[in-house]
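Quick setup: one chain, the form predicted alone, written in structure tokens, and binding and motion questions come after.
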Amino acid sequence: MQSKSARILSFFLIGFIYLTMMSWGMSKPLNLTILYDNDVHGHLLPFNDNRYGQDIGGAARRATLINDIKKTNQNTIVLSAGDWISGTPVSGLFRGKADWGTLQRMGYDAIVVGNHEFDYGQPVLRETIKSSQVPFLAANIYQNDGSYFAKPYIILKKGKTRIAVLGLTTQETPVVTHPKNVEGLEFENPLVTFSKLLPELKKKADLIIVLSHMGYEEDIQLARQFPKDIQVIVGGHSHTKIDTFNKSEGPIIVQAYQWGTFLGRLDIQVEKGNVINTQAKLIPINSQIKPNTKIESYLQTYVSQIDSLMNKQVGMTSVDLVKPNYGHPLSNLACWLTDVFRERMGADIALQNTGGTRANINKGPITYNDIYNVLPFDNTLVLMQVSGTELQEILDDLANRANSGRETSAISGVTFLAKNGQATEISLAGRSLDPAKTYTIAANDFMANGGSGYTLLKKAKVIKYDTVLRDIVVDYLKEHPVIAPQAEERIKVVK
């Protein structure tokens, strides 16, 4: 027969076990909200877009939305999938200070290092990462000594759920940024990086989110290789607009287009590390959203310094100037720019990579702001010299790109057929290419240093450097104040 003390102890023990089991059984799923953007590219202020409307975007409006959503759900994470800077005057003229200051004030939990984060130089980025209250993530970027360039991941806790957010950056970064900006860094295959860190992440977290600046196709590859290990991939780099997703394919992949046109919102229910319910949408950022006054006031300190310069008219166009797109390089704006560069240098031909021409200009007055949006990078014009044989190789590379639908270059001073990856029927000012002759090429220094894979240009002999591209364009408009360029098929693709 049990003693009185034993019976009391048994009673408390049974009660404790009962309450513990009840708490387990009554444990509710975590309702987690993930807010995200990607490829903002310096678009801190509202802007006009031919596709999505007038007076859209703006960091102050996104900040209002972020704060409002956080009030409705304390279990909210705010993420940026990279390329936050570089692409507008307010970003470029202040070397990213306005961008990073805004990021600090908007309540982000993390940002992955995008390739354009290097645009203002590695020292600037290093200092930004060091001083930032928002963690910069990049698990697959290593320094010479083997250490991480930025944090590989962070662990957040929402409710009782531990959430790992791991950053992965495109391995193409040394190709798509100026080579000098990534000296001394190694960019590992992101799939290899994730595989190595996975055992560590599983020990520390119940849920894994990959914050990716690799592009949509690469995100799909990652999801297919690790279908049960990753719950969410928040992507960037490819500027993809993803309205819906298919959970049956494995990890949820989301992306919010570009420039802060939308704020992405993903709501998921998490139970014991498993996502049991999902809902995603892109919220348009427009004038119906009242801007956050603190962010608006902060940005105004920068805007007031550049308004007079940016709004100054520098020319006039009697036609819409349309930028080229990847796979569809035909563009009157790109043709005109290469003509301007060729004339400036007195070169035989001129090149301008598709990714270097960033915006359209509407018919009417051209302002310095327009030119800056078209040419936001601080690239200078370079005059190079090559042999006829070397020029043939360069044109063959352009033909191969054109045939495969990859990023190619606008050209001036030469026309040719692109057939089976080779340049044929080449005409330079009405004359055939002479392998024994010497030719001159004008191109931006990004291309001259092998950017975007134009490695053949690195073999060319540099004759001289000029100033930044946008100043060259403004100089041209002083002499030719009204323009009406036409798109010309200078590279004709033959199937």
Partner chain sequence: MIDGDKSAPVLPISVTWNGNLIEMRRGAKVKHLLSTQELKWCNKGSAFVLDEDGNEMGLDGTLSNGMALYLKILK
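Keep in mind that this is a model prediction, so the values were computed, not measured. For clarity, a rigid core is taken as the largest C-alpha set superposing within 1.5 Å between two forms. Positions refer to the first chain, counted from 1.
Omitted here: the form predicted in complex with the partner chain. The next part is about that form.
- The stretch in contact with the partner chain in the predicted bound form, judged by heavy atoms within 4.5 Å, is 233 to 241, chosen from 306 to 314, 233 to 241, 98 to 106, 285 to 293.
- None of 384, 418, 366, 205 but one reaches within 4.5 angstroms of the partner chain in the predicted bound form through a heavy atom, and that residue is 384.
- Distance criterion of 4.5 Å from any heavy atom to the partner chain in the predicted bound form singles out 172 from the list 172, 396, 229, 339.
- Judged against the partner chain in the predicted bound form with a 4.5 angstroms heavy atom cut-off, the residues 190, 217 and 465 are in contact without exception.
- Within this chain, residue 437 is remote from the site of the partner chain in the predicted bound form, having no heavy atom within 4.5 Å.
- Heavy atoms of residue 28 never reach within 4.5 Å of the partner chain in the predicted bound form, leaving it off the interface.
- Not displayed here, the partner chain is approached by residue 460 to within 4.5 Å at the level of heavy atoms in the predicted bound form.
- Contact annotation: residue 36 falls outside 4.5 Å of the partner chain in the predicted bound form, judged by heavy atom distances.
- Interface residues of 437 to 454, taken as those with a heavy atom within 4.5 Å of the partner chain in the predicted bound form (partner not displayed): 445, 446, 448, 449, 452, in sequence order.
- With the core held fixed, residue 463 shows a CA shift of 2 Å or greater between the shown form and the other one.
- Core-superposed comparison between the shown form and the other one: the CA of residue 376 exceeds or equals a 2 Å shift.
- Panel note: the distance between the CA atoms of residue 468 and residue 119 is smaller in the predicted bound form than in this form, the difference being 3 Å or more.
- Figure legend: C-alpha atoms of residue 44 and residue 407, shown here, are separated by at least 3 angstroms more in the predicted bound form.
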